[in-house]
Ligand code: HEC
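One chain is shown next in structure tokens, namely the form predicted on its own.
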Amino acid sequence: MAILSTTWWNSARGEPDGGRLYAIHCAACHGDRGGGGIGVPLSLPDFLSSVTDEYLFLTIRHGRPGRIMPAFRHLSEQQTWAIVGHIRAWASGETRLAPEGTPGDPQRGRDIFARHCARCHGPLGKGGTGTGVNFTRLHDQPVVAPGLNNPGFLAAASDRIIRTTLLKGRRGTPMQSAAKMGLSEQDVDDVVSFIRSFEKSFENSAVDPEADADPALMVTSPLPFAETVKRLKQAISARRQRIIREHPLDDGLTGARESGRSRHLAIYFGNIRHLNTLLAIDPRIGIFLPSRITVMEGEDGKVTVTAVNPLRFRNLFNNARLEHTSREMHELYVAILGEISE
């Protein structure tokens, strides 16, 4: 991929450049032309013909809490509309929403959802497992089903948009039309009502207590540098973690090291099963893998040991499914670092 300028302003027209903004903020997940990747595809004709510009705008602003898609609240309204315009340019025709439906029965809609929708969207409408169209999705499906029981989705999607999607289906995905599923328009209205009822669960949502977790774990070692490294490696191996490599941080940046010993060493380690689990949940977590602990000795002889705080993963990547594994990883780091002073 070519290196892009961070200039997002179209000076010729005196307005934000939606193409550049999309390339900077969206293309890494959704693809240069909206074909999808870690994120779902945006250029599907059936998608663009069944959502409004307001839906796209609100999706960018609110994101999908806990579902990989972040909220881009730092973008101005003008910038956000410019991205919407860029996405809309991929459409081959106009948006055509189905007419308004009649009030539905959410209890009846729950039963219909369980029979026809839960297989892909989950029994509680939380969405499919995995990411995007070519990463960790289930391989019998070309795209991961989005979360419907999600505050970001329900803030962006009107009942008419949900109804339109149910009636038309979405070619290029497993989403069939209501007719192919044998559903009547009343069935569709009942399902819409059930999906809308998810909003009640968001009214008393608690603030995530780990949202402000420290980005790093850090301890001061009472041991000399070499002894600290030895103790760490013993603690890592004792927990059935494989030491993958040791990397001096100044390697290639300075001349010969004093006494042949590095004073800044990163120890990479991991359990293959756990690493694969994390990558399957969210490929982006790979920037922090394999696990790494860094030992540094300052000019004053003070030895510090640091590691990234895994409790920040869920919030950094906006993926609620990282919660359990990030807690496990946090406990592992704390246990290993705790052995330095024992």
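Sequential numbering from 1, following the sequence displayed. Being a predicted model, the structure only gives us computed values, none of them experimental.
What comes next is about the form predicted together with the named molecule, which is not displayed.
The three residues 29, 153 and 183 all sit with a heavy atom within 4.5 Å of the named molecule in the model of the complex. Distance criterion of 4.5 Å from any heavy atom to the named molecule in the model of the complex singles out 40 from the list 303, 311, 293, 40.
Between the options 265, 148, 82, 232, the residue in contact with the named molecule in the model of the complex by a heavy atom within 4.5 angstroms is 148.
The named molecule in the model of the complex comes within 4.5 Å of no heavy atom belonging to residue 225. At a distance threshold of 4.5 angstroms between non-hydrogen atoms, residue 116 is in contact with the named molecule in the model of the complex.
In the model of the complex, no heavy atom of residue 281 sits within 4.5 Å of the named molecule. The named molecule in the model of the complex is not approached by residue 95, whose heavy atoms all lie more than 4.5 angstroms from it.
Here the chain stands by itself, but in the model of the complex one stretch of 163-171, 100-108, 235-243, 216-224, 163-171, has heavy atoms within 4.5 Å of the named molecule.
Within 4.5 angstroms of the named molecule in the model of the complex, the stretch 43-73 places a non-hydrogen atom from each of 47, 55, 56, 59, 60, 64, 67, 68, 69, 70, 72, taken in sequence order.
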